[in-house]
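A lone chain, given as structure tokens: the form predicted on its own.
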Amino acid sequence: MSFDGIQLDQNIDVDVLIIGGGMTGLSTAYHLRDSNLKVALIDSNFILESVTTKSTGKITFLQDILMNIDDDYLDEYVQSEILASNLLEEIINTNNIDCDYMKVKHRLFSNENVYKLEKLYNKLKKYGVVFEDNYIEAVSAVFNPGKYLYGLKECCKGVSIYENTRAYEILKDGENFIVKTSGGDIRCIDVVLATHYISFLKPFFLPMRSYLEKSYLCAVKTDKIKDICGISIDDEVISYRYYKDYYIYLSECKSTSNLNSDESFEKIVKKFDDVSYVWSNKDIMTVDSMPYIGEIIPHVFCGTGYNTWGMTNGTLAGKIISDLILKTKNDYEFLNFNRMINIKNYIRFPMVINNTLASFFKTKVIKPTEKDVFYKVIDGNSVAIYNDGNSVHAVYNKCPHLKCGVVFNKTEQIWECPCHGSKFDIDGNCIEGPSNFDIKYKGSLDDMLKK
């Protein structure tokens, strides 16, 4: 499996530019690959470093968020997830993508709210689910998202794919757009924002309609492989599945305003005798628990807010967005950006704003207290410093997105913005948005240590 990507090194003209090479971006590219349109896709990193590859890889309509979706939209949403699940299976089979796809039983379970499960079951039984004791069960599937993305990329031979090519700015140029990137300008008619968190054109769109949730995962060696997976609907979310000889477990779902990632990692590791891998992921949670997929402004399309179910919703977004570009009718207008949202869904909104303000305050005024992590003001700039015992790593303590401070995640060796989830490597190179810029300290480390 090759990880070498081509970088853009010149100005180009295309019909459609897709920004982001995760599930949404590559799914859109797949459906446009045989059209008469000239299509390009850019990703700021390598394709296999996207948020998609950190997923547990479940493919099902039986999701925990069904508990929160208004009855007026429930059937439409379930049918959209069934379509996405079937479409993903069809793409895998048609193209012989080796991604460890297999059918399994999926359970939505509860130890605290069985009555809520039974109520949901009565709404879903027409879709073939069964209800037993403390769970609802349906036939679903699992796969390896990284292998799938690699296979999907190989299917998109008619699309120009550029990796390590970061988009910085989108400008209107008459009827076209010019996208400024690290490798050159791209002129296009249509733009697809597949960047997980929208930070172009409508910078305050997502903060007004969503919040971020961070989850912690681990993989544990096991010899008891089962064809089953599941997720709870309780306050303490638990999600699990099996993959080859590993048991993958997700827990500790928290707001990104929680500054101590290492503490959450410690809690999840203590649940098992021997943990082989740990990692984290972030998800955009919308106020009505449904994704935003469609056209934001004329000729600018996006899919985001997948509420932890990015494998199905990213696949769905690729189909919907490509249909809109190709002027093909579909039945999923109810997921568009201008949909009416019931006022009751905004009950959580003050909490969302308060979490963001709390994150900003904690990182700017209080500053986290961590061993080996220091904060200094140097030449008028706030600088965050981590000493790993062998070398010193320094970054500017200001996320370029909306100027929140950053905290250090020792377990994953990255700097993170707790306000909107931007991630930077240990030396400040941006590895995940919404930030589009690095925070590398440009001064002399020797001079910094003296000060």
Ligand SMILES: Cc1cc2nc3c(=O)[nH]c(=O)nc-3n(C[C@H](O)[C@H](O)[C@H](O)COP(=O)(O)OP(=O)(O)OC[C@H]3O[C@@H](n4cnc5c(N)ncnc54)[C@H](O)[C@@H]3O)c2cc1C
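This structure is a prediction, so every number in the text was calculated from the model and none was measured. Residue numbers here begin at 1 and follow the sequence given.
The discussion below concerns the form predicted together with the ligand, not included here.
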Taking 52, 58 and 194 as the candidate spot, are all three within 4.5 angstroms of the ligand in the predicted bound form by heavy atoms?
yes
Indicate whether the ligand has at least one heavy atom within 4.5 Å of a heavy atom of residue 215 in the predicted bound form.
yes
With the cut-off set at 4.5 Å between non-hydrogen atoms, does residue 264 touch the ligand in the predicted bound form?
no
is_contact(residue 16, the ligand) in the predicted bound form, heavy atom dist at most 4.5 Å:
no
Contact flag, residue 44 vs the ligand in the predicted bound form, heavy atom cut 4.5 Å
yes
At 4.5 Å between heavy atoms, only one of the stretches 309-317, 131-139, 376-384, 97-105 reaches the ligand in the predicted bound form; which one is it?
309-317
Only one of 288, 283, 295, 190 comes within 4.5 Å of the ligand in the predicted bound form by heavy atoms, so just point that one out.
283
Among 186, 302, 152, 167, just one has a heavy atom within 4.5 Å of the ligand in the predicted bound form, namely 167
